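Here you get one chain, nothing else, as structure tokens; it is the form predicted on its own.
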């Protein structure tokens, strides 16, 4: 399988700079630990945010950390897509008889993000242990779908940024509002924000579909029918379809870099 060769190639190149990868991994984890400590200090003073306590929010934090780290690890090629255009590498990819999306996936795999993803999973496990959740098969399935949906949503945002860069060439800072900004917002329940902001990150960029809504089902919160909360990850995953179509449409209008 071609993707296996991409993984082996990136693994081999990563192993050439083990110390650098380890330093990047630990520094990223330290930043995340600092963010978690800031949440802990917040709950030390305020006890709860609505009906969400520290461990509920820690579970949310763990999911967001794992989702973003996994997406940045395996879909990094889309995040750094403008560099392919500026270096002329996109022209080289386009003449190959292999699907473009497949090639961009393999163009950049950042293994330094995996340790941070593991940190997110550990935080999730610790939070779950300290929460009195009566687990059922449906709740486990919703939790798994939440992580998968989260990766698809963040990949979708990367696709939008990559599609726009076909015309702008450079990375646009406003895309970071919907990637890094959405991550900061998703650390807390979406319903604590102003209505326009919560609606933006629920119906336009469905961050709440791998954050507030499915966790409300798992923990028995919220006033909507439970089926709405349970199916929210699937609704969020639909966000990927228009993002992928936009990216493919932009690729058809790409003109050679001329390099």
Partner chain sequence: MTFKGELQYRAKAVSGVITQVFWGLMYIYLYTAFMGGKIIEGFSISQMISYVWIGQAFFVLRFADLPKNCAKEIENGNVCYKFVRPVNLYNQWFAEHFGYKLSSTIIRCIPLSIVAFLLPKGIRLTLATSFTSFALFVIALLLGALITSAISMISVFLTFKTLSAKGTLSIVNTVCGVLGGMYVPLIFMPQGVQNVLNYLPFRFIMDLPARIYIGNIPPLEALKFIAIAVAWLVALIIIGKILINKASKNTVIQGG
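Residue numbers count along the first chain shown, from 1. Everything numeric in this text was worked out from a predicted model, so none of it was measured.
The discussion below concerns the form predicted in complex with its partner chain, not included here.
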{"property": "Of 238, 250, 244, 24, the one that lies within 4.5 Å of its partner chain in the predicted bound form (heavy atoms)", "result": "24"}
{"property": "Interface residue in the predicted bound form among 61, 68, 55, 201, criterion: non-hydrogen atom within 4.5 angstroms of its partner chain", "result": "201"}
{"property": "Per-stretch contact check against its partner chain in the predicted bound form, the hit in 156-164, 141-149, 176-184, 123-131 (non-hydrogen atom, 4.5 angstroms)", "result": "176-184"}
{"property": "Its partner chain contact in the predicted bound form: residue 111, any heavy atom under 4.5 Å", "result": "no"}
{"property": "is_contact(residue 227, its partner chain) in the predicted bound form, heavy atom dist at most 4.5 Å", "result": "no"}
{"property": "4.5 Å heavy atom contact, residue 34 and its partner chain in the predicted bound form", "result": "yes"}
{"property": "Its partner chain contact in the predicted bound form: residue 46, any heavy atom under 4.5 Å", "result": "yes"}
{"property": "4.5 Å heavy atom contact with its partner chain in the predicted bound form for all of 20, 42 and 192", "result": "yes"}
